[in-house]
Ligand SMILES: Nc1ncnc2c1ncn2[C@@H]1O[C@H](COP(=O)(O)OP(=O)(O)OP(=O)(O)O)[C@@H](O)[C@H]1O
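Below, in C-alpha cells: the form predicted on its own, a single chain.
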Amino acid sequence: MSLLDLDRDHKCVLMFGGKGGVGKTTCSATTALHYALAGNKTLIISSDLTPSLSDIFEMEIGPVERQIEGVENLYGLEIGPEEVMKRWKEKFGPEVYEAASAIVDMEYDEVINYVAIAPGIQEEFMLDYIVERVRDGGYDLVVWDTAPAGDTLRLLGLPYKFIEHLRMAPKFYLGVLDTLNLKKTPLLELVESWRALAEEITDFIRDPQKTKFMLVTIPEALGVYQTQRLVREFKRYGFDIPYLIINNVIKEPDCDFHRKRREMQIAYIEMLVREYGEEMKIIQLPLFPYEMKGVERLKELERVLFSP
C-alpha cells in the first residue's frame, strides 16, 4: 500500500503529523517533491520549533519562501512562532490600533502586544497564512510539516478557543461602550470579522475535500502509544485521518540484532493494523541504511512511498 491514491484524490493542503523523531518531515518533504516532479507548483511549510527542512534539502530555507535547489515547482518555508507573530502584527496591527484607540488611550505597541496574547491568535494566523497560499492561486498544493504531536494538537485546538473568546468579546465590549456612553465602534466590527475569519479557516482545515491528514509513526512503544492518543484527539476535533505511515520498518533482518528488532516491530505493527486497518490506509516504509538527505535520496524514498 502507498500514497499513490492521493494522485487521484487531489487536495489543496496535505498535513503530516506525529511524534518528534519519527520521520514526518522526511515523509512530508518526499510528498512535496513527488507533486513538484509531477508538475504541480508546491509549497512545503514547516512550523516546527526546530525545523529540519533545511537539513533534509541541504540548503538554507528560513522564513521566506524559497525555491528548492534543483527542483522545478518546489518551494520551501520554515516559519516559527516569532515570525508568525511578526507577520500578524504587520497584517492586523494598524486596524487593531485604530479600532481599540476609539475606546482606550494607549500606545500603539501596548495595544498590539496586549491583543496578540489572546488565546489561539497565533494559531489562527498560521492557519490563515496557509489557506491564503492556496486561495491566492500561488500554489497548486501546500504540504504542511506540522510541529511534533503535542504542539500540533495545540495548533488545531486553540482556534476553537479563539472563536469562543471572540463570541464572548462583543458582550464585554458592549458593556464597556455602555459604561463610557459610546456608540458602536470599529472594534466590534473588527471582532466580528475575526470571528468569521476564524470559523472560515477552521471549516477549511476540517473539510475532507480540501485537506488530508497523514500520521507518521514508528513500530515502537512510544511512537505507537502517541499515535493512539493523537487519533483520539484528532477525532475529538472532528478530523479524519485516512493515512498512517509506519516508518523505519525492518523488512529483511540479516543478523540477530535485526531479527529481534523485527520481532518487536511486528507486534506493534499488528496492533496498529488491528486498531486502524479498517479506517486508515496503512503504509510501511522500510528502514534505510543511510540518512534521507538531499533530493536524490528523497527521490529514492518517493519511489517507495508512491509505488503502484
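Keep in mind it's a predicted model, so treat the numbers as computed, not measured. Start at 1 and count along the sequence shown; that's the residue number.
Not on display, but discussed next: the form predicted in complex with the named molecule.
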* Exercise: Glu296 in contact with the named molecule in the model of the complex, heavy atom 4.5 Å -> no
* Asked: Is there a non-hydrogen atom of Asn247 within 4.5 angstroms of a non-hydrogen atom of the named molecule in the model of the complex?
  -> yes
* **in the model of the complex, Met15 touching the named molecule (heavy atom, 4.5 Å)** => no
* Just to confirm, Thr26 within 4.5 Å of the named molecule in the model of the complex by heavy atoms? -> yes
* Asked: Only one of 60 to 68, 34 to 42, 264 to 272, 279 to 287 gets a heavy atom within 4.5 Å of the named molecule in the model of the complex; which is it?
  -> 279 to 287
